[in-house]
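Here's a solo chain for you in structure tokens, the form predicted on its own.
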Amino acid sequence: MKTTIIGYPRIGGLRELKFASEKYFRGEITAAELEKTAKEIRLYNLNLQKNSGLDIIPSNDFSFYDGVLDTAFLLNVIPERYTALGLPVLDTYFAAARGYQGEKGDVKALAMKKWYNTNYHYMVPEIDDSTEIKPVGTKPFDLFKEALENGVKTKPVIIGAYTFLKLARYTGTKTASDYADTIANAYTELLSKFGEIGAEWVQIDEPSLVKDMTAEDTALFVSLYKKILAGKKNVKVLVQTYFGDVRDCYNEIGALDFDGIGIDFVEGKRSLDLVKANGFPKDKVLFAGVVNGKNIWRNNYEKTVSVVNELKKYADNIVLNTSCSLLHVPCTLANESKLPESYKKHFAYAAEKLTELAELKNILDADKPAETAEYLRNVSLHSETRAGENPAVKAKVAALTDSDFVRLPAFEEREKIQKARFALPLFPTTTIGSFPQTAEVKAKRSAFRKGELTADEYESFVEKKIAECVELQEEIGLDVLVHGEFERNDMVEYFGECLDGYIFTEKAWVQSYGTRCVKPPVVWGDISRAKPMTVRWSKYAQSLTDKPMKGMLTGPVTILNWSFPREDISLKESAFQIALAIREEVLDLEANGISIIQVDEAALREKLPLRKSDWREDYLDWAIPAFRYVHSGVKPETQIHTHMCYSEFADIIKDIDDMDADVITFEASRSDLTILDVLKANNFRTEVGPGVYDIHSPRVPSKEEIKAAIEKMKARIPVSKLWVNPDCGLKTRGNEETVPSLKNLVAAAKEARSENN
């Protein structure tokens, strides 16, 4: 039995790629120096996997920003507005990823969306009627050769033709099927090249096969691969799926000339049943995803061995695999110097999952697997009872009734009460919450954590930054203010640190997009609020101004979705436990004079099941009530806001309206405000603030650009329901970008206001 993985984290164990890339963006290092860091990371990963005993090691899982964007550049799917800048290829690539504003021109970045049901974001390929899909890049071949020169024949990894066409945005009259022949020819050429340079296996990722597929979708997939595989020579092709099961096309995949089929047995609810019911082709290798690539808990060898033994009845040749790329977990526990062993022994990051694969291989190859030392140690570990149970919290969740999730009076009556209370102008302006986390802010927080600052010194510094932020917002002319969130490291980790039941890591960084990395906290036990979490800072900020000050919280679903969750209780149970705690904070803020409270649910759609048949029972029936419970106890005159970003909202827009918030702000700028048509078509009742400019790009939008966005909004949404705001928090931007952008935002709103009076 052999082992492999789908992909490995590319950021470096200490985020070396992030820091080198950001230096490159600032002009502090050259492209050659950036590439040097990248190569060091790749070779370190290569040797780590080789030394772990992994049999089939992937290559081309590295990316400077995003693998889908890499594929677009490989296939010549590069919008003309980027190539017209006349920049070097690497800078053209970064212009598509981040936008560009300089002497060569001014262009926005490509749209960015969530990668299926994860917190990773991919860049959306953009195809117009003149796009000529053909191989033009050399990256996958270069990285294969690089590994070969270092003694390892790897398995090159590329995004599949079907998935690429399904993820792309079509800006002309053509659709995916119109590009089927040209993309099939391109992939045939890629496989031929891989064969020429000596690749034995090529992994083609097709995660879109785990989504709902129509007959037309299946026909497109089959037609693509009949053409692609007809031309393969001297190379074996693995079609790799993940994030679910392939119930809509299992037999079609098996009938095609693939040499290997990768199936997810962790998230794939029906994967094992599909194999049992239909068998597995005798001429193919089953790449069995049995090690969870998305969570950090140790694999349960007893369960995994049982699954693999069942699969052996149907498949003659099995390769042990991860359920998805290890991109979604941290690099290594070796960097966790402060985490007690009593916690660490339950966790497996990417490097430790390599060890798990090696141990599982040894166990399954043994004459008596259940008697091996590795197996017995693992059984003993999973038989331990972890501390962290809170009977009082469990009882509160169990006692919830339908009325607890209903806010009274109804929305329309509350809207009138709030309009009278706040008397805000048309197109009220605000921000999403955070202000730039400058080097000074990060340094002070680090000094406080290290004990170099006393609590009083640190809190005085935070108060100073809040006062500066409030003064700045009043000077700019914003209508509803925020305190800036200078006390927070992350919108989820901060709250985790304030809640009982969470534990925290030191270096468990995971890539979210590009150079943005997050450090998800770990849900260890039952969750409860030990003390107020934000009241002090919001109350202080409100004391500095007569304008409304938003209290800023993260919602229960987002806190859960951006944590590593428990696997011993349901997600619903965890979400309701967190909702109990956030509700207490909401009521505390209200009692302390905060009249507008924003409860962010940025990740609401993130864990929505990929198949619609699972949406309601498996997710929406508890996710929406969890949010409603958070605010159902506030007074009618208290205005509840929420925020959502980088997801496709159209298909759940009615559920979003049913969250019963008073105001919802959406990420919308990178998608050209297309959500406006969805809101209009569904008679969306909630007041809305579609983001008018992209904060994930270093560009400064002009007043005219923002004004054009407002005009687009006015044409689709009643002006009485419109807010004007950026599309997300400003923590990742600098003051030099933030201040002029917000000044232009306020100027555009005032101009639109005067024209509407």
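A residue's number is simply how far along the shown sequence it sits, counting from 1. The structure presented is a predicted model; accordingly, all values stated were derived computationally and were not measured.
This next part talks about the form predicted in complex with a small molecule, which is not shown.
Chemist: Of 441, 645, 597, 228, which residue is found within 4.5 angstroms of the small molecule in the model of the complex when only non-hydrogen atoms are counted?
Modeler: The option sitting close enough to the partner is 645.
Chemist: Sort through 42, 707, 699, 731 and report the residue having a heavy atom within 4.5 Å of the small molecule in the model of the complex.
Modeler: When the small molecule is considered in the model of the complex, the option within 4.5 Å is 731.
Chemist: Based on heavy atom distances of 4.5 Å or less, which listed stretch (63-71, 721-729, 46-54, 24-32) is in contact with the small molecule in the model of the complex?
Modeler: Stretch 721-729 is the one.
Chemist: So in the model of the complex, does residue 562 come within 4.5 Å of the small molecule, heavy atom to heavy atom?
Modeler: Within the cut-off, so yes.
Chemist: When the contact criterion is heavy atoms within 4.5 Å, does residue 552 count as touching the small molecule in the model of the complex?
Modeler: Residue-level check for residue 552: yes, a contact with the small molecule.
Chemist: At 4.5 Å between heavy atoms, is residue 602 in contact with the small molecule in the model of the complex?
Modeler: It does: once the small molecule is placed as it appears in the model of the complex, residue 602 has a heavy atom within 4.5 Å of it.
Chemist: Evaluate residue 491 for contact with the small molecule in the model of the complex, applying a 4.5 angstroms cut-off between non-hydrogen atoms, and reply yes or no.
Modeler: Residue-level check for residue 491: yes, a contact with the small molecule.
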